[in-house]
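For this one, two forms of the same chain are given in structure tokens, first as structure 1 and then as structure 2.
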Structure 1
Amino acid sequence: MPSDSALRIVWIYPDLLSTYGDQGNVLILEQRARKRGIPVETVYVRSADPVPDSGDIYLIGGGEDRPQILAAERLRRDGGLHRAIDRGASMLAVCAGYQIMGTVFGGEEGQPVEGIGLLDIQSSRGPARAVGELAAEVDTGLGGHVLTGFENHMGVTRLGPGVRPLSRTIVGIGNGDGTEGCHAGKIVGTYLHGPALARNPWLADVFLGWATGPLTPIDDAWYDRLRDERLKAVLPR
């Protein structure tokens, strides 16, 4: 991001994919950037509009089966997100949006639907819905934190060799194999709502750091206390 320009955040298809307060991820990025004096411009891209390729951070949320299929079709045709990633932008994809980033996911009746291929993952319908709190140990390449959030999905996601697990579950289902989410380059996918960045502000700072460089610290003592309280409530005794 040039030093004389605003950080550009792009929220993709809020009219199709924005369940469980996922738009809060945008608000957290805005807040934590402005606390550091970083100017922010946020672009809301509805599904009838082209996706600009000039953003710094892109986000997409969760949603129901049919909107998910429509979003995948439009993103494949559009090409703007691919161009943005190719030039170095970052991406946070949540739940249905996470599945779309892969090569295939399950449709309304479990039929395979083509994804957009930005992540080396394949998703399908699992045997039962995963609902509840999740806690997981994050890949040391992203800081080794404890990730928390709320999951509500029927997905099973298989990771290919082109990605790494975002975390390994302590409590919860995640991908269905003991891992939760994945990451590759500057793309992070997760099943977690909460919103994810409100529950895990350190992850918001990962995206801000990718876009702007080293960040000045923020006092997150409030978050540490809240995280510890939540972990006590969900971890096995």
Structure 2
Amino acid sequence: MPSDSALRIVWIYPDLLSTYGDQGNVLILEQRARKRGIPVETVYVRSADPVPDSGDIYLIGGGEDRPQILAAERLRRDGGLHRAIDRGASMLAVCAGYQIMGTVFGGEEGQPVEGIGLLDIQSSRGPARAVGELAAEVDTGLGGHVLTGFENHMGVTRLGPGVRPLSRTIVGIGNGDGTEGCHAGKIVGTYLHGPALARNPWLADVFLGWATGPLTPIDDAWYDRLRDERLKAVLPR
């Protein structure tokens, strides 16, 4: 049973959407919480099981077209995630998981598929696959860092007035309009793998801060070295 003091992380549908090392985002949140003495309880929710609405941080990852459609159908039918967000929980949605947060996304033949409507975005199939390193300047509302990661998708995402871009791209495609990802309230969506929180520990801390309040600094030496190397490799000199 979850104790009241523990941080509750919920990983949604690893059996459908976790083909790009998405488990890494879970492991990083756990590590960065524990290093600060915050106890963590993580629930892996398979697609046949109900999504608990009592979590603090929800994660959903990337995957293939068919599992993406199945995940959207099940989340809509289940309703647990919607209740959790209404309660004030936060959510990191990556790639295929990012697209299904919107009102519509492109299916395996490019056909429009209904999303779950937690973000005011619409996605469709782009003309070519966006594959490669991405770097972008993050919205000052989220701290103004540089976002780094690896994108691999065919989606083009149009942001509606109900969300803000997560970042403006320096290198890479992202949403397809010069921005990458989006955020609204405590929901953050991004196309980035790497995984996103391995490359951007500041973003992990945004989620931890939302859930637990101000955070003590921790040793980020390995994170910093990896970030520096990746940014040097991709940023224009």
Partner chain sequence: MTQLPLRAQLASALGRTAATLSRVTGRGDGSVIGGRVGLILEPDLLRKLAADRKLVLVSATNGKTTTTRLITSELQELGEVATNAFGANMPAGHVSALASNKQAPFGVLEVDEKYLPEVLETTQAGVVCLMNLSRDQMDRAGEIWLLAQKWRRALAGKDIHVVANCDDPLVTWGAMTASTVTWVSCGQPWKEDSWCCPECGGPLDRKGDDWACRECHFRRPEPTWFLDDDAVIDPRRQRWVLDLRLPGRANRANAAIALAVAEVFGLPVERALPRLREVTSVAGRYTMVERDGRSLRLLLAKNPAGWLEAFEVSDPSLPIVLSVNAQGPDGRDTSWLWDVDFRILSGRPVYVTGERRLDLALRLDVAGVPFQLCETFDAAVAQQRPGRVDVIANYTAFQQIRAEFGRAV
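Residue indices: 1-based, along structure 1. So that the term is clear: the rigid core is the largest set of C-alpha atoms that superpose within 1.5 Å between two forms. Everything numeric here is computed off the predicted structure, so don't read it as measured data.
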*Of structures 1 and 2, which one represents the form predicted in complex with the partner chain?*
2
*asked:* Following rigid core alignment, is the displacement of the L215 C-alpha between the two structures equal to or greater than 2 angstroms?
replied: no
*If you line up the core, how far does the Cα of R225 move between the two structures, in Å?*
3.3
